[in-house]
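Shown here is one chain on its own, the form predicted alone, set out as structure tokens.
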């Protein structure tokens, strides 16, 4: 069976159910969420497992399209289906066909008009920074190591400047002249954990590479490469070239989605 075929969408008459799926996955072995011809993606892998579990090829839509290498602790998706397999059996059956790095943690029937992306009110991502003079292979897939410990007070001061509704054009690598790059960042928290620092970003939506760039900006501020005025200027220049590079994808997790 080719995984490059576009799944069918049951008609409203046939789509007697809309099932919400909650997922955890390690994104290291995938080219992101979105279905791509000839490439291994989270979406295609899930749709293959759903077809085997439910006997029906359907499109599965997520709350957001995580990039290649990005992980998820509670990704939310929905699928319109005519299958009569109970949700608890459906989740177990899908997990039986899924590889070890993807798991359906919950499945529940929801109103037919529920949409995982359109109805999401806010999303939270976390970026994991580890402090150390050497790489640690146990954390290699899920953290980015900083050789020097940044000043957390400076990182938090920079974070405070970025919270609010702003044009984040300087923080995305995929914005043409007509793109809407205004987003609301509800919170940007810098929290210590036993390996280093976690950066939690909560917003109404995120642009491509936005969280990874936000974290890069906070690190630059923490090691003295960006002043408070420089952080503030990034919001006004609307130029991606002015901001630090986005940090690698492998340390980023979709933490939760609120509806």
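Source: prediction; values computed, not measured. Numbering follows the first chain given and starts at 1.
What follows is about the form predicted together with a further copy of the same chain, which we do not show.
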Full three-residue contact with a further copy of the same chain in the model of the complex, heavy atom 4.5 Å, for 148, 158 and 236: no
Interface residue in the model of the complex among 135, 84, 89, 118, criterion: non-hydrogen atom within 4.5 angstroms of a further copy of the same chain: 135
Counting non-hydrogen atoms within 4.5 angstroms of a further copy of the same chain in the model of the complex, say which of 20, 240, 17, 24 makes the cut. 24
Do residue 152 and a further copy of the same chain share at least one heavy atom pair within 4.5 Å in the model of the complex? no
Answer with yes or no whether residue 103 is in contact with a further copy of the same chain in the model of the complex, where contact means some heavy atom within 4.5 Å. yes
Is there any non-hydrogen atom of residue 73 lying within 4.5 Å of a further copy of the same chain in the model of the complex? yes
Please check if residue 99 has a heavy atom lying within 4.5 Å of any heavy atom of a further copy of the same chain in the model of the complex. yes
Any idea which of 164-172, 109-117, 179-187, 136-144 reaches within 4.5 Å of a further copy of the same chain in the model of the complex, heavy atoms considered? 136-144
Stretch 210-236: residues contacting a further copy of the same chain in the model of the complex, 4.5 Å heavy atom cut-off: none
